[in-house]
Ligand code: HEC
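A single chain comes next, written as structure tokens; it is the form predicted on its own.
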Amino acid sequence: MTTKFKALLSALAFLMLPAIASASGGPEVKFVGVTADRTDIASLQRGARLFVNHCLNCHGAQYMRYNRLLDLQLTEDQIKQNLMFASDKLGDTMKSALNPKDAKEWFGAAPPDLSVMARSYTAAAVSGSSEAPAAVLAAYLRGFYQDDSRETGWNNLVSPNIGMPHVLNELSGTNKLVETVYVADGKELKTDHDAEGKAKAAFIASQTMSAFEHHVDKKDGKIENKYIVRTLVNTTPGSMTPVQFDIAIADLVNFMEYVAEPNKAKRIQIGIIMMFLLAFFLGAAIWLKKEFWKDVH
């Protein structure tokens, strides 16, 4: 077990202090869970395994080639034997094993390509979120719950009524949605601070993925304020414990970020070096100016 992996486990202690993203005009969603370090090679390797075993069944990553996995300290034999199930050439792109025509017939539309999903994902359900796209993507993957009213049998707390089923169900187990409604009546549009306060307190105290919404309804000429707290509760355990699944999602999103921009770490490193060089040249230019003008004055 690497030091960084241990640090990732230790970070779970801070799940009680998650970021809360506000969506203008929509629900507030609590983002829980840990993130993985982009430089953690072991995390990226585990994420690659999850990606090819669970995501490539339906989705593709057409801008990513298998030979780029060599940068993750994997050998050609390891890649061919453990990660290449839809191709036999190391230079091929990571295409989906699912036929696009079949996907359109079964799901109504072909599943999107995931090449740059970690960079572009914004989640309409939480538009205006201050969270990074990767954090929203991780929350989306953690936000599935059973919903028998949906054709797929699943729904999502972050992206309601999404067409994607919960493909990681065997790992996470089954979640159900628990709704608690706090109602405040009034003749005027006036917030009942007691009802709102209780709802907010329940929302903040929640230890799992949750959402907070405020609805205003009119009944018989009266205005009714509803404060709804939706929380996910695990009802059927999966093959992973909640801690293990949380780390697995962090690893998966970490790899998806790598797929979206494999050279990001090197780009950041070069950028830092260039900033130091520019600072050096700036200092040299100031020194030369002073040397040039010192005799003039």
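Counting begins at 1, following the sequence as shown. If you're wondering where the values come from, they're calculated on a predicted model, not measured in any experiment.
Another form exists, predicted together with this ligand; not displayed. Remarks below refer to it.
Taking 91, 163, 197, 153 one by one, only a single residue has any non-hydrogen atom within 4.5 Å of this ligand in the predicted complex, and it is 163. Comment: this ligand is not present in this chain, but in the predicted complex one of 177, 167, 202, 184 has a heavy atom within 4.5 Å of it, namely 167. By the criterion of a heavy atom within 4.5 Å, residue 36 is excluded from the residues contacting this ligand in the predicted complex. In the predicted complex, this ligand sits within 4.5 Å of a heavy atom of residue 140.
This ligand is not drawn, but in the predicted complex it has no heavy atom within 4.5 Å of residue 116. A residue is said to contact a partner when one of its heavy atoms sits within 4.5 Å of a partner heavy atom; residue 100 fails this definition for this ligand in the predicted complex, lying far away.
Note on the interface: of 37-45, 226-234, 268-276, 248-256, the segment with non-hydrogen atoms within 4.5 angstroms of this ligand in the predicted complex is 248-256.
Interface residues of 56-70, taken as those with a heavy atom within 4.5 Å of this ligand in the predicted complex (partner not displayed): 57, 58, 59, in sequence order.
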